[in-house]
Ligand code: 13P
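So this first bit is one chain, no partners, the form predicted on its own, shown in C-alpha cells.
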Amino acid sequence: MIVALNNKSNLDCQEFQHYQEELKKIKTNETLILCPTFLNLGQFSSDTISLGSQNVSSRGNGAFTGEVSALQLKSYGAKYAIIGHSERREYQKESLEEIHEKLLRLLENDITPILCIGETREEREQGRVEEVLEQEILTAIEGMSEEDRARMIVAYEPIWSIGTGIIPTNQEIEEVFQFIKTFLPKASILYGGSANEENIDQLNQISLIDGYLLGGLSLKVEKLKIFLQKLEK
C-alpha cells in the first residue's frame, strides 16, 4: 500500500529535523511518501521513504516569482507531487486547467502526480458526486496517453470529510472508487479525508483502496505507527 504524508504548512526547520528522525524509526512494508513544505525539501534524508512535494508550478523555469518548477523538484530528488488539493482549489483558486498543466509538467520530469479530487457536502447532497469528479478527472487527463494515465495516483478526498473525523460509508467509498476506475483503470487510488488509527480497521475492508493520503495524522508519529500496524494486519 501507498501511504503519503502531507505535512501541509507545518514544522519549522528544527521541528522537521526531529520529526524526520522519529519517522525513520518506523518499521513498515508499506510505501511511504513524505511531502514536507518547500522549505524542508532540502533537509529530506531517508533510504526507506520517498520524497514528495505538496505542489508544483504550472510553468517551467523562468521569471515566475514564488513558483517552484517540476525540474527544480526533480533536482532535489522528488519522486511524487500532490496537485489539485482541495485547500489549494479553495484558497488559491486553482482552476481545472491550471491543475492539468501542473500534471503535464510533472510527467515531463518523471515525477508521479498525486491528483486530489473530491466533492463538497453540498455537492454530495445534491447528488452531483459523479458529475464533479468526472469534470475534475477528465480536465486533468485531457490529451494524455494511456501510459501516462497508468502512471498517475489519484487521491479521493471528500472535502466535507477532511479534518472532521466523519468519513463516508464503505459502500459510498467503493462506489466512488469504481467510478474513478472507469476513467483510470490502471491508476492507483488513495483514500484521504480523516483516515486515522481509529477507523483504519473499517477502511481495511475496502479492497479497492491502494493506499492513503494522510494530513493531520502525518504529524503524529506515534498514532501513525498504530495506523501502519493496523494497515498491515
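We number the residues from 1 along the sequence you see. What you see is a predicted model, and the numbers here were worked out from it, not measured in a lab.
Not on display, but discussed next: the form predicted in complex with 1,3-dihydroxyacetonephosphate (13P).
The putative spot formed by 8, 194 and 213 is fully lined by 1,3-dihydroxyacetonephosphate (13P) in the predicted complex; each residue has a non-hydrogen atom within 4.5 angstroms of it. In plain terms, the part of the chain that comes close to 1,3-dihydroxyacetonephosphate (13P) in the predicted complex, with a heavy atom within 4.5 Å, is 160 to 168 out of 176 to 184, 160 to 168, 197 to 205, 40 to 48.
In the predicted complex, at least one heavy atom of residue 87 sits within 4.5 Å of 1,3-dihydroxyacetonephosphate (13P).
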